[in-house]
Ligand SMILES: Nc1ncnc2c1ncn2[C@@H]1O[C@H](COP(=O)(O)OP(=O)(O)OP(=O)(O)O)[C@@H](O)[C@H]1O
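To begin, one chain is listed below as structure tokens, in the form predicted alone.
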């Protein structure tokens, strides 16, 4: 099992969209996939049309409920562990998520983190094998990277020495915009050993939550679906 933590302390960067669409793509490639919503704003849960889950990630982290008794089986071919607003009041043990995931029957577990670097995010980074950073290709995103990279390094030193920065996804990318091209160039220079993916601005991605599905199920032939499928293929290549 590979646990992938999607994290950025800046909101509105396409983090939840990336978790859902990469997860859906991995499932379509024949993998067993679990998505976990670790954000009290419940964006992933809401996107996928899960309104009244019998149990949520709070039950798992606070009460020790088994993940397999708490999941929602989505019609997109993957499982979901939903969130709720009470997650904001939860301060989990840093190893609690790692322990809950031990022995789970999935090929990939994708963790959708809150845009704050609190204990939930630290628990996710401790449980993860890989980190993926979704960001918008602008100067503010570059500026905010230093704190996040510092947190990742701290987690490596304290709780998870094998944590790998697996990739960066530049969302809403537009090659016609000079700033986007320059930011991508800077990222390439700074992260020489990290793969940088791009997902272009695509209205179908924004529309797919209305249907409660990924863009791969909403408009499988659109640019966004193809680009997320490419990312999933690259991840499964190692």
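This one's a predicted model, so the numbers in the text were calculated from it and none came from an experiment. Positions refer to the first chain, counted from 1.
Not pictured, yet referred to below: the form predicted in complex with the named molecule.
- Proximity of residue 56 to the named molecule in the predicted complex falls outside the 4.5 Å heavy atom cutoff.
- In the predicted complex, at least one heavy atom of residue 205 sits within 4.5 Å of the named molecule.
- When contacts are judged by a 4.5 Å heavy atom cut-off, residue 115 counts as touching the named molecule in the predicted complex.
- When contacts are judged by a 4.5 Å heavy atom cut-off, residue 41 counts as touching the named molecule in the predicted complex.
- Residues within 4.5 angstroms of the named molecule in the predicted complex, judged by any non-hydrogen atom, belong to 196-204 and to none of the other stretches in 196-204, 66-74, 177-185, 28-36.
- Scanning 1-30 for heavy atoms within 4.5 Å of the named molecule in the predicted complex gives 10, 11, 12, 13, 14, 15, 16, 17 in sequence order.
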